[in-house]
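Have a look below at one chain only, the form predicted alone, in structure tokens format.
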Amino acid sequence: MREYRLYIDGQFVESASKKTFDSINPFNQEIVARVSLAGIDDAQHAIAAARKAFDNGPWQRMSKEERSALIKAVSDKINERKSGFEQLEVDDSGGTIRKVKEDVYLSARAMNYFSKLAAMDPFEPVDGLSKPGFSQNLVVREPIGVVAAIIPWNFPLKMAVWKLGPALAAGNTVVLKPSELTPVTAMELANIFHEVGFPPGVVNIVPGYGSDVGEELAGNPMVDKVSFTGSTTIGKRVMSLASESLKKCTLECGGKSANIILDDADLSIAVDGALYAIFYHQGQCCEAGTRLFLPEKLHDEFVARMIETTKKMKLGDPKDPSTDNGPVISAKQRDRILGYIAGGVKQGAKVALGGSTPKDPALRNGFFVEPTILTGVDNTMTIAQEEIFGPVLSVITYKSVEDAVAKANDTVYGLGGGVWSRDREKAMTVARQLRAGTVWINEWHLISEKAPFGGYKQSGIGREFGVEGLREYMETKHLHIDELGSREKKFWYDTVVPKS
């Protein structure tokens, strides 16, 4: 069994309380690793180390090329150890090996991209502000300081990279809190940061509970920014704690994304696309296509084709390459999902497929929920308004495109959306009307570290990825540099200072 300690100030240390916790494989409930459990004292220790490293350490004195090279070295190490990362991620998160192979590849690719952002010139001229010989004006992007990064359990390695990469590329120091449900690959990253030679305190990794470690990170006045991914409820709490010291926040929160099938959609890709949108990683994606909007005339055929395909999906061991769906993360999450299904039926929805746990005795130790399709769903039902975070699709009919758009936008969320049509301009028109941060046309789930990602409304604040995401981790300073060089030419001084 693997064992991990906290990573603070360049050292692997036991928690102050000496407490540990076990990370459990959601497929068979075996122990994946035993991990030191961080508490408030450890969070404060990590914050102090990050503060010292930012204010007095070598990180800020390095050239941007040196910082870039260190980040690139992390990317290279992930690639070197991809097989080990894949196996650990499957065991820790329950993600299928087919999905996880992609996750590890994309994590290394993203870190490589962030290494290139680290080498960007921080100075930008301000055009049109001044005449030649009068002054030079520059905008300079500078790191914020100490960043607290809090990530969820659904994509442990990718989420860690997506927080650490841009924060470090911007020149900050970081305290990362991985979920206590999936800490393993984040702790493996700690080993890599240590090996490639990051200065002590630049990266600190402290797995623990949100109720103590998370709250300390969000509220501690020595932290300059919080980057959080998780539920909207917890995002609001993070924002409240951060407000005490007016910290900058990036919040990527919940979603209830609308997937609109137009009447001219190509069903040969739209059916599979709709299933991919909801059942990828057992529906444990913040931007999953959980609400499927069908025109009334397509409803029966579309649902029948989805059922036919879904019945062929294999639930099983995530390490088996033939497995299509693995377990959800925990017994608590499984029961929560089943509760939503039962509540939907009570409100009038019909279970067209699934709706329970699988009967296969080989799966009895896993936290499985059958891929579930609910029909007869009204957009006002709880299952259509609240984030379930599981393999549950709500099918909703519409009478007109205007009706579909209105229903799609009738939610507190606005993270993702999709439109399926053979007519690109028609699809673009609908996509532009959706109040969501990412809208796919004839596609789903494909996001890139090069393009901004985030939500409208209660799906979040700010953006991640790309140059726009990098700037979320930076302060903006205007530099005005005088080029006149003469008191006589500065006539505006005369309004205050008498001429000598």
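Only a predicted model underlies this, so the values are computations on that prediction, with no experimental measurement involved. The first residue of the shown sequence is 1; numbering continues from there.
Below, we refer to the form predicted together with a small molecule, which is not included among the displayed structures.
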Report yes if any heavy atom of residue 291 sits within 4.5 Å of a heavy atom of the small molecule in the predicted complex; otherwise report no. no
Since only the chain is shown here, I'm wondering whether residue 165 would be in contact with the small molecule in the predicted complex (any heavy atom pair within 4.5 Å). no
Examine residue 177 and determine whether its closest non-hydrogen atom to the small molecule in the predicted complex is within 4.5 angstroms. yes
Is residue 440 near the small molecule? Define near as a heavy atom within 4.5 Å, in the predicted complex. no
Taking 151, 159 and 230 as a possible spot, do all three reach the small molecule in the predicted complex with a heavy atom inside 4.5 Å? yes
Of 286, 369, 146, 71, the one that lies within 4.5 Å of the small molecule in the predicted complex (heavy atoms): 286
Within 4.5 Å, heavy atoms only, which of 214, 273, 414, 316 is in contact with the small molecule in the predicted complex? 214
Given 320-328, 353-361, 303-311, 249-257, the stretch touching the small molecule in the predicted complex at heavy atoms within 4.5 Å is 249-257
